[in-house]
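What follows is one chain in structure tokens, specifically the form predicted on its own.
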């Protein structure tokens, strides 16, 4: 079942001026409910504009954005309610922290929802736990935290509103490999536990292959491809045409196959490659043992 559907959506910056730029052109696709969808494309492909349409931060100049089958702009005065249902974490969200304590920052959204104090506190603790923040940090200033911890505070502030859809624009940007892995693992675990629909924008093909169920590909403001992750990454030539690559581990596996090592087709993660190698090595050991 589709959670968000775009119907013939277009958006133009600087319309009618010498600087006119078409960010999106007649884009139509659906995002599956209760799944993690990755949104990929080269710089300038329209990804950030697109995610701002999901919760009404930006209004399409043509076409419709549907949430559970209803046009989010059908009642413009109620667009605030859509933003509670579709939570958007912008790129480098740690620069948007402003409260004196971590607790207050996470509580900001629930307070704006008009929730009672005990419910707000429960949501703050729950969100902090979901993103791996130690409870002892709740009364610290967010500005005293590490970059990765700040990022988790910002994400927790959106999760505390319990949105039906969580949209993250480059949530791991600028983090070291360990920090990136931790953030995305926690987002994936949050989706499993909550049943929310999650959309992740990223330039990392490895991250998309590892954490996403579905992939949407944009190029020059147009939809290029959409499908299950393995289906999309199977089209390496098409991705290369729009300036994208399959995960590096897939290239390594292809090189091994060219050298006669029977690596499986459709490997896009290091974990999958390791399992395949373990199986092949186990088979080799078994063959050797049988000849002794």
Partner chain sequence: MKGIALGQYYPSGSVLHRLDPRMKVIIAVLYIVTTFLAKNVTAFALLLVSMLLLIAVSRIPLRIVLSGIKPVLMIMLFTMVINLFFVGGERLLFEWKFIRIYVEGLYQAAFMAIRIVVLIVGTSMLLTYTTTPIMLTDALERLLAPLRVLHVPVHEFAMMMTIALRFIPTLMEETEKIMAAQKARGADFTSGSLVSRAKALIPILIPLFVSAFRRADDLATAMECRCYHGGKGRTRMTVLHFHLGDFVALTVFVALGAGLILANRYGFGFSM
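Residue numbers count along the first chain shown, from 1. These figures come from a predicted structure and were not determined experimentally.
Here the subject shifts to the form predicted in complex with its partner chain, a form of this protein not shown in this document.
Engineer: Just to confirm, residue 78 within 4.5 Å of its partner chain in the predicted bound form by heavy atoms?
Structural biologist: Outside the cut-off, so no.
Engineer: Answer for residue 90 alone: is it within 4.5 Å of its partner chain in the predicted bound form, judged on heavy atom distances?
Structural biologist: Yes, contact at 4.5 Å.
Engineer: Evaluate residue 105 for contact with its partner chain in the predicted bound form, applying a 4.5 angstroms cut-off between non-hydrogen atoms, and reply yes or no.
Structural biologist: Heavy-atom contact with its partner chain at 4.5 Å: present for residue 105.
Engineer: So, residue 84 and its partner chain: in the predicted bound form, are they within 4.5 Å at any heavy atom pair?
Structural biologist: Taking the distances in the predicted bound form, the answer for residue 84 is yes, it comes within 4.5 Å of its partner chain.
Engineer: Each of 95, 109 and 158 having a non-hydrogen atom within 4.5 Å of its partner chain in the predicted bound form: is that the case here?
Structural biologist: Yes, because 95, 109 and 158 each have a heavy atom that approaches its partner chain to within 4.5 Å in the predicted bound form.
Engineer: If contact means a heavy atom within 4.5 Å, which one of 30-38, 66-74, 222-230, 48-56 is the stretch that engages its partner chain in the predicted bound form?
Structural biologist: This holds for exactly one stretch, 48-56.
Engineer: At 4.5 Å, heavy atom to heavy atom, what parts of 139-153 sit next to its partner chain in the predicted bound form? List them in sequence order, or say none.
Structural biologist: Going through 139-153 in order - heavy atoms within 4.5 Å of its partner chain in the predicted bound form - there is one hit, 143.
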